[in-house]
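In structure tokens, the next block holds one chain alone, the form predicted on its own.
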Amino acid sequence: MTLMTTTATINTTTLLAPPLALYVHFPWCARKCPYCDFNSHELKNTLPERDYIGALVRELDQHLPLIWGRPIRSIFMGGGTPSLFSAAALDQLFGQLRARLTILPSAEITLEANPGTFEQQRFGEYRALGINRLSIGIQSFDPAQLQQLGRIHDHHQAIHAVATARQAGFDNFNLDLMYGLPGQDPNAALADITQAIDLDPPHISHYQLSIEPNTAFAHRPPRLPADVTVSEIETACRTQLQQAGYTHYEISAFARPGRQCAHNLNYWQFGDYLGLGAGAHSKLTQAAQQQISRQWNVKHPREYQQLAGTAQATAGQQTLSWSDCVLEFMMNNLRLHDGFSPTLFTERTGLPLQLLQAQLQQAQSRGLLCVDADRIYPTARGRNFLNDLLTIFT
């Protein structure tokens, strides 16, 4: 899709600042998983808690002028493995955050955690800090698959982690599960889903294993199931989750009523987020300048700690063009089964929806998109062929 880029050809509306979230990246893991392409580094020495927290605060101070007066609606601490950090270290971080930011009382505050016994011992302390949601990286309950995936927990620790989370006071948590694992068939995948449902988590993330560049699996690829088998697995698991009362609200996310991940919804709805930490990304709307920009930090933890709070810590930045905004809005919102309202498109991009009439009609005529007066959303076919749908908006 070609968009003209002069104000004479497109009548933009006033661009307003959308909801703002905070993402904090913790780049260390006890062990690097062979499938992981995130910015994570195996911890070989003592965890530099104090130095890293100090770097995060310096970076926040640098960015404060960009977000003055905007409340934080959600916080997500990801990695890496944030639960390697002690409650005392996170308490120091939250003290600094609360001194500088307006964090809404209703804010969803999520910490990614592994099911290992060491992390579980800290769940109660994390809850006492005000962290009100955990995302627990189970991946599979099958012992052989856990070994192939390089996980350091076992089947029993995975189950026990859920009980420990509840005992610590977490009534909102997510379980991460993967499918399409080496040698996996539909029965094995359904066994994982059955076990997860038996634990009754409020939220389940269920996503396909993919071989990403620059990972151990890319260098030594395991034998994955055929595409037809993966499709059977996906259909069977989705059906079982829906029959158990989970709503399939996003491509890889299932939730009990009212338990959708607020932080991820902000991403999918093209909201703003400030990213702190090594390799973290930000997307911010500057209403005064009527522009949307992205920036990202240097990746290596040591380099980040040295440069945090200076311009040199920024590895790159970009002001989004109108065509960038259209594509990114669609890439995010069309992941949601409910899609988006026509007014949301204009609010988040500053562009009139009429700009996309030809593309919307094409997607609708191909059976990929439903276009109603109050909602635009992908059809079942559109969800299955999302890349084809998005190509229409490129």
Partner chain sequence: MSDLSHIRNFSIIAHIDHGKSTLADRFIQLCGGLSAREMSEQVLDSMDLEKERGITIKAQSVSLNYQAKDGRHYLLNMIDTPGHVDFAYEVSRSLAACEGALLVVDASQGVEAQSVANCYTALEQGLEVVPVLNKIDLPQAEPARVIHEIEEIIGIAAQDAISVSAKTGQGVDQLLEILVKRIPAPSGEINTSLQALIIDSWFDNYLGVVSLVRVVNGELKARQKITVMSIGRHYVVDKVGIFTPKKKATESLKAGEVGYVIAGIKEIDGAPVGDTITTTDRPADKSLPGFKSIKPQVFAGLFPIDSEQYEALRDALAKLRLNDAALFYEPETSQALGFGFRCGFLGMLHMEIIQERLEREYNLNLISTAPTVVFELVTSKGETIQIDNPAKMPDPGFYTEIREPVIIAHILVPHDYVGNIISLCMEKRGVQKKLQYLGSQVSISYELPLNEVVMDFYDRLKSVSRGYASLDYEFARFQASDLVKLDILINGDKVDALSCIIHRSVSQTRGRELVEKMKELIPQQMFEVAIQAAIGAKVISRTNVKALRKNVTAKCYGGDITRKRKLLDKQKEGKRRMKQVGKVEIPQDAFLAVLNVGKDPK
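Being a predicted model, the structure only gives us computed values, none of them experimental. Positions refer to the first chain, counted from 1.
Note that the form predicted together with its partner chain isn't included here; everything after this is about it.
(request) Decide if the three candidate residues 45, 145 and 152 all line its partner chain in the predicted bound form, where lining means a heavy atom within 4.5 Å. (result) Judged in the predicted bound form, none of 45, 145 and 152 sits within 4.5 Å of its partner chain.
(request) Would you mind picking the one in 203, 248, 122, 294 that has a heavy atom within 4.5 Å of its partner chain in the predicted bound form? (result) Result of the distance check: 294.
(request) Scan 311, 99, 288, 228 and let me know which has any heavy atom within 4.5 Å of its partner chain in the predicted bound form. (result) Residue within 4.5 Å of the partner: 228.
(message) Is it the case that residue 212, even though its partner is missing from this view, gets within 4.5 Å of its partner chain in the predicted bound form, heavy atoms only?
(response) The answer is yes: residue 212 has a heavy atom within 4.5 Å of its partner chain.
(request) Consider residue 208 of the chain shown here, and say whether it contacts its partner chain in the predicted bound form, taking contact as heavy atoms within 4.5 Å. (result) Result yes; residue 208 sits at the interface with its partner chain in the predicted bound form.
(message) Given that its partner chain is not shown alongside this chain, does residue 347 nevertheless sit within 4.5 Å of it in the predicted bound form, heavy atom to heavy atom?
(response) Contact check for residue 347: no, nothing within 4.5 Å of its partner chain in the predicted bound form.
(message) Can you tell me whether residue 366 touches its partner chain? I mean in the predicted bound form, with a 4.5 angstroms heavy atom cut-off.
(response) Although its partner chain is absent here, residue 366 would touch it in the predicted bound form, with heavy atoms inside 4.5 Å.
(message) I need the one stretch from 190 to 198, 265 to 273, 157 to 165, 125 to 133 whose residues put non-hydrogen atoms within 4.5 angstroms of its partner chain in the predicted bound form.
(response) Selected stretch: 265 to 273.
(request) Scan 311 to 335 and note down the residues that get a heavy atom within 4.5 Å of its partner chain in the predicted bound form; none is a fine answer too. (result) The stretch 311 to 335, when checked against its partner chain in the predicted bound form, contributes 324, 327, 328, 331, 332, 335 at the 4.5 Å heavy-atom cut-off.
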